[in-house]
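As a starting point, one isolated chain is supplied in structure tokens, in the form predicted alone.
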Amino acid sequence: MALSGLDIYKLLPKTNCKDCGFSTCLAFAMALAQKRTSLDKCPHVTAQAKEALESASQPPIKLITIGSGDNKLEIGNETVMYRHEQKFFHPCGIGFLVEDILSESEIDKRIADINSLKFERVGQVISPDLICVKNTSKDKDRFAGSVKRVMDGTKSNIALYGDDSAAMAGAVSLCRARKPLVICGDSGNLDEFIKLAKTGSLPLAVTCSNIEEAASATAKAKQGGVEEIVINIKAKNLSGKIQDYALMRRTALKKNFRPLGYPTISFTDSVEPDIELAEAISYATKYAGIVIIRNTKKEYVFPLLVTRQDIYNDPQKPVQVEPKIYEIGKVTNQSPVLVTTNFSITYFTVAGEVESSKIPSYIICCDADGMSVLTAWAAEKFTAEKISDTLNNIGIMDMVGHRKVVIPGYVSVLSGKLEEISGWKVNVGPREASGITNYLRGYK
């Protein structure tokens, strides 16, 4: 049972020293109860209190790290059921299944396809995170050979999936330095896999058919010395898995039930691309820590990556671009100057239309706290005064030989005052970004 803030407060020093970063011990206790801080922030807590507060100080869902260095994948450590309550912190991993029954050329092609899956969207680079090599052949040497090809062909994180502990040990010996996720596919061999994961200090995924079995398996793995555990629910349909994921997360967060306080890994079942994409998106939106798919075609992977990007952005903080001057095309000192806000979707939409027009232009993004044009105007973040200050201080006057600026049509009401206080001639552009291409082609 999770401790309340008052229960925790009774065990703290009650000195109000502020060394933990909070104004009082009570404030620290309340934050600890809500999983918003950790016990190690208090340097004066006694050993006896530490022991009593262990369950309250640990995250309700364990943080698991796969891989090492800058490329590592971190999953888990979430604190809320719903994104609007706060935010989700660690994006789910997106990976691809590579079975060792494939030929060497087929494996190489799959690796090449996976390596090419990098996209830029709203100023962020999005890409998958890992490759899961599965011992489908039941052949130890073939499994090791496939793992070696994947290691040599990619810098992605690696997961190893199999039933045979001896074959798994051989594969692990090849890539231990890259800290792979070891997936035990047969609960009957769990003891051997626990020893293997403990010896190598590796994360272990336990495969179970239901929640009760999962709780038992994770408890067993933890008793065996494995700290980083992932749960793989098998032999269930899509709706059954999602129900289990939601129940497991709720039980971990609301009841502080430790045996289910671990992230999950989910494998898609469908071989039909459209259905597999829908299945993968469902898992990503409903609490899977890792989603493993088969299809590597860009037109199917991109929507999945976009979904993950949207879910794991902070809903209380708009995605922004840097407030500055952006040059589109080979600009000159006579190129048009357009002004807008620094909301990322607004900027990239405008930039795309400017590119389509083939008219080199400057785009100035005013700092509007990442709000869209109308929202920023309504919130008085995109005003004539703000635009005037930006025009006069951002450096655009040293880059162009004219004093003409284009403002969005939705804020045409600002044109008169902006001309008066800025000294720039104001042209009112189209209301919708889709009209920018034709507008610029006729612009003088």
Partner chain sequence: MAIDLVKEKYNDAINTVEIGPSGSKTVKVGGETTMPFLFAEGGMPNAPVVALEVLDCEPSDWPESVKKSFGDSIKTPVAWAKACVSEFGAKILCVRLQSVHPDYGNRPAEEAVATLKSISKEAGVPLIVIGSGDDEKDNEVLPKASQALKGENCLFGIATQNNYKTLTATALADGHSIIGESPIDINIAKQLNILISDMGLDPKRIVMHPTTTSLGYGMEYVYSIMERARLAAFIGDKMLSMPFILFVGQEVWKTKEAKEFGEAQGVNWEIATSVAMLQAGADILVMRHPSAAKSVMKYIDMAMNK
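In this text, the rigid core denotes the largest set of C-alpha atoms whose superposition between the two forms falls within 1.5 Å. Computed from a predicted structure; not experimentally measured. Numbering follows the first chain given and starts at 1.
The next section is about a form of this same protein that is not shown, the form predicted together with the partner chain.
Chemist: Which is the contacting stretch out of 307-315, 157-165, 70-78, 143-151, given heavy atoms within 4.5 Å of the partner chain in the predicted complex?
Modeler: Among the candidates, contact is made by 307-315.
Chemist: With the distance limit set at 4.5 angstroms and only heavy atoms considered, check whether E327, T390 and L414 all reach the partner chain in the predicted complex.
Modeler: No residue of the spot touches the partner chain in the predicted complex.
Chemist: Of S173, S239, S103, Q334, which residue is found within 4.5 angstroms of the partner chain in the predicted complex when only non-hydrogen atoms are counted?
Modeler: Filtering the options by heavy-atom distance leaves S239.
Chemist: Just give me the single entry in T296, S361, N232, T251 that has a non-hydrogen atom within 4.5 angstroms of the partner chain in the predicted complex.
Modeler: Selected residue: T251.
Chemist: If we define contact as a non-hydrogen atom of the residue within 4.5 angstroms of the partner, is I183 a contact of the partner chain in the predicted complex?
Modeler: Close contact is absent here: in the predicted complex, I183 is far from the partner chain, nothing within 4.5 Å, heavy atoms only.
Chemist: Indicate whether the partner chain has at least one heavy atom within 4.5 Å of a heavy atom of E322 in the predicted complex.
Modeler: Heavy-atom contact with the partner chain at 4.5 Å: absent for E322.
Chemist: I'd like to know if K286 sits close to the partner chain in the predicted complex, meaning any non-hydrogen atom pair within 4.5 angstroms.
Modeler: K286: contacts the partner chain in the predicted complex.
Chemist: Is the gap between K255 and the partner chain in the predicted complex 4.5 Å or less for some heavy atom pair?
Modeler: The answer is yes: K255 has a heavy atom within 4.5 Å of the partner chain.
Chemist: Residue by residue through 194-225, tell me which have a non-hydrogen atom within 4.5 angstroms of the partner chain in the predicted complex.
Modeler: In sequence order, I211, E212, A215, S216, A219 come within 4.5 Å of the partner.
Chemist: Does the C-alpha of S201 move 2 Å or more between the shown form and the other one once the rigid core is lined up?
Modeler: Shift of 2 Å or more: no.
Chemist: Answer yes if the CA of E213 moves 2 Å or more between the shown form and the other one after aligning the rigid core, and no otherwise.
Modeler: Superposed on the core, E213 moves its C-alpha less than 2 Å between the shown form and the other one.
Chemist: Hey, does E74 budge by 2 Å or more at the Cα between the shown form and the other one once the core is superposed?
Modeler: Result for E74: no, shift under 2 Å.
Chemist: Look at the CA atoms of A433 and L305: state whether they lie closer or farther apart in the predicted complex than in this form, given a difference of 3 Å or more.
Modeler: Note: Cα gap between A433 and L305 widens in the predicted complex.
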